[in-house]
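In structure tokens, one chain follows: the form predicted on its own.
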Amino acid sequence: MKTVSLCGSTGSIGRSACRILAAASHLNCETLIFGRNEIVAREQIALLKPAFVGCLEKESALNIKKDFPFIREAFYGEGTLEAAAQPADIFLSAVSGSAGMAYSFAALEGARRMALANKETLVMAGELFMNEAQKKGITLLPVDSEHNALFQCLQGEEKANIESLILTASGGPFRGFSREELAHVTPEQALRHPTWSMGKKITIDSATLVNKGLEVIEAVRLFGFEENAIEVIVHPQSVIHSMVRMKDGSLKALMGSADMRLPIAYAFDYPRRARYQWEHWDPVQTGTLTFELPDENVFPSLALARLAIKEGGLLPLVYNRVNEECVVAFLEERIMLTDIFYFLELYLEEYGRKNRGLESVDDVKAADLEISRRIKKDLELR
């Protein structure tokens, strides 16, 4: 029996993980951490019966502790970081956005394995995080479907034999749009992803291809390849989740349904594969698979992400924070979708002139706060 700490239980990834935990007799949810969605969290707590619970609101934590006698301790506010540090065989870091970074670092104190779905941890503080995980001997398995696929394709392969890593992208709902057409899309249109069911922020990131830019940065951090060895190919069917190109010209690909339970279960069960009762992908039913290059004239976010990771220092953090604040502004209909590209370029150019390294987690937090304040002010003036 393996113990699991689930952080971000009521989000899209968290809900998929709960479905796996409910069906797996060999996995036990020891700690469950959520934000403010108490209604869904209560259903999860009743089903999984965790010993520890954490949430942002004090009143919610106290009421949950009272209503579920099997809970040994309920944490709230800043105490949720203490909940994340509770000992566990596996910690799933599934809090969306930059807020998830603190939980990922806190979990290094108690976890034996990190199932990482929060890409911002690696984008904002990747070098610091990877070094700390290595020092503590923590196994790190990516949960992003693309990076999980790369991890699987790289098993048994020597780095010297690999030409490049290929991230696939669905292309989002606006594949084939012109820049002018993209400027006039609404939040409602942008939230209609053609193949994946995800949270609002990541769905908007998919529509701008910023998500793929973040994944390029994440792949560099995780696998130790240079930025120019990370390819991006648009694959609308979302059947091939990633590929590895060998120096002899061959390709290895991982194929499967567009179902986040697959990479989550792999991260939980590695190196074994448990059998779960969900529908398996049928290649005959899928039909034709197509591939094309992304249109970087319409979607400059990919080139900007490559610039950020190539230059390093503050720039990956700048890319992430500026995008996060712009997504909020777009969802509130204060800016156009294409304004996200404008602000990314503006801030990367400015901070590129005064770039510096990040020496500690506190340094990362301070820089992130500074950029957050600045971009919020600029967005208010739009």
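Start at 1 with the first residue shown and count on from there. Remember, predicted model here, so these are calculated numbers, not experimental data.
From this point on, the text means the form predicted in complex with a small molecule, which you will not see here.
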Requested in this report: Would you check whether the small molecule, in the predicted bound form, lies within 4.5 angstroms of a non-hydrogen atom from each of Glu30, Gln86 and Gly110?
Outcome: no
Report summary line: Of the candidate stretches 326-334, 31-39, 342-350, 65-73, the one with residues having heavy atoms within 4.5 Å of the small molecule in the predicted bound form is 31-39
Query raised in the report: Is Asn118 close enough to touch the small molecule in the predicted bound form, meaning at least one heavy atom pair within 4.5 Å?
Result: yes
Query raised in the report: So in the predicted bound form, does Gly79 come within 4.5 Å of the small molecule, heavy atom to heavy atom?
Result: no
Query raised in the report: Applying a 4.5 Å heavy atom distance criterion, does Ala99 contact the small molecule in the predicted bound form?
Result: yes
Query raised in the report: Are any of the heavy atoms in Tyr103 no more than 4.5 Å from a heavy atom of the small molecule in the predicted bound form?
Result: yes
Query - Contact residue in the predicted bound form, chosen from Ala94, Ala308, Val123, Ala219 - any heavy atom within 4.5 Å of the small molecule - result: Ala94
